[in-house]
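Before any questions on binding or motion, here is one chain by itself as structure tokens, the form predicted on its own.
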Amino acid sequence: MDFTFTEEQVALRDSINRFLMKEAAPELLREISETSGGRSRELHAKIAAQGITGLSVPEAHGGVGLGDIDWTLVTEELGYHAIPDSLVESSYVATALLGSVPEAGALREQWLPRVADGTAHISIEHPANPCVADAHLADLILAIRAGKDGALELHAVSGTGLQRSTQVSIDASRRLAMLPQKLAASTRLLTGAGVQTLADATLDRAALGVAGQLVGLAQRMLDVSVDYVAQRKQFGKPIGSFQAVKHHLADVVTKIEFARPVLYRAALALQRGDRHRAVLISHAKLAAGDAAWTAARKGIQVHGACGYTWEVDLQMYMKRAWVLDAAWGDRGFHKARLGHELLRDGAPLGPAATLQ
């Protein structure tokens, strides 16, 4: 079995990295985070012009129609550059959700071409993620929530004029909000047992997207720390030459190297529709979160107190990692899901079960 990425996938990842390296410098990210909306229309337009917003949109609606593995490589780059835009939720998760609802044909015709060309944004509310990212910019909000009888319902709500309560976030570039407790019956798109299946698939896809960003963030924090210790000198030597500093950064490398294959295995399971994909995705979310937290902690250790300051790039990636680690299911949620699967009778354990 060939576990390598195709030439096209590698080229996609590299082209996005080069583009974001040029167009999303840390100085620009600081400026964007200090604006009232926390977003840059100019940067979003450039991202759309590169076709990134349409990667998951089917070709029939003006997109490229790429799958979960391709998007996982993209989410790593979005995390690495800490892009201040909820592209993963809008262009990846929401697109897949709309494509899975037979009753949403009219919505697909209306919104997917606009998502592809970057002129519309879709936000998502989910029981596992009640704080909606970029709700203040959303043209459409897909809300999965419990109805009066406790059964899940899917609502399609116009973002125009919708009341929202802003939630404080440690990451100034990730704007969160809560929607009204009651939504009109006229916005209900689907109800019944099928919504639970949609909710599970949406959670899996979003958690995978977060895991990809966390791995990218961990790598960026490692790179920032390596650059710093190569330049910072004490006793006439770069501090990176000291064994204790090397050990700190080696710990981060180890965490990232263990998280990446878990992430890619989860992406493969999601794309193939494996019945064990939920446990693999929870594993990826936990491993990626652990790598990002370790990178942040060790990065602060080698930077010293200046690592917390606004002028140092590390603080941007660190805050984003902290926020994303709790998004789409916190550690307790994914540990419980992982434990339930591993402790049940007939659990797929051992090397032979890795690629069932």
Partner chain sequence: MTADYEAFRAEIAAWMQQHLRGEFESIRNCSGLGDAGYDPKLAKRWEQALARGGWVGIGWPKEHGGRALPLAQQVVFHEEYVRAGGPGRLGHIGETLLAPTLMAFGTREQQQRFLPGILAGTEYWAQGYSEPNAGSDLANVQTRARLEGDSWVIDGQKTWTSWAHESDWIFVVARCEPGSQRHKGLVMLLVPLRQAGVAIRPIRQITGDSEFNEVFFDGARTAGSLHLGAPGEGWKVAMALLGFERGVSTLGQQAGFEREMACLIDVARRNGAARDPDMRQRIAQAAATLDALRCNALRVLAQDEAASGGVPVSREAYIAKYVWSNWRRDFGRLAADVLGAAACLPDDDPMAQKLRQVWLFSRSDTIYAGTNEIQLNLIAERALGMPR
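Fair warning: this is a prediction, and the values are worked out from it, not measured in the lab. Positions refer to the first chain, counted from 1.
The form predicted in complex with the partner chain exists for this protein as well; it is not shown, and the discussion that follows is about that form.
- Judged against the partner chain in the predicted complex with a 4.5 angstroms heavy atom cut-off, the residues E34, R232 and C306 are in contact without exception.
- Residue I300 is the only one of L55, L29, I300, I47 with a heavy atom lying within 4.5 Å of the partner chain in the predicted complex.
- Taking a 4.5 Å heavy atom cutoff to the partner chain in the predicted complex, the contact residue among H248, R108, R164, R265 is H248.
- Stretch 123 to 131 is the contacting one of 190 to 198, 123 to 131, 97 to 105, 210 to 218, since its residues have non-hydrogen atoms within 4.5 Å of the partner chain in the predicted complex.
- Taking non-hydrogen atoms only, R13 never approaches the partner chain to within 4.5 angstroms in the predicted complex.
- In the predicted complex, the partner chain sits within 4.5 Å of a heavy atom belonging to K319.
- In the predicted complex, the partner chain sits beyond 4.5 Å of every heavy atom of S40.
- Q271 falls outside the set of residues with a heavy atom inside 4.5 Å of the partner chain in the predicted complex.
- In the predicted complex, Q167, V168, S169, I170, L176 are the residues of 164 to 180 with at least one heavy atom within 4.5 Å of the partner chain, listed from first to last.
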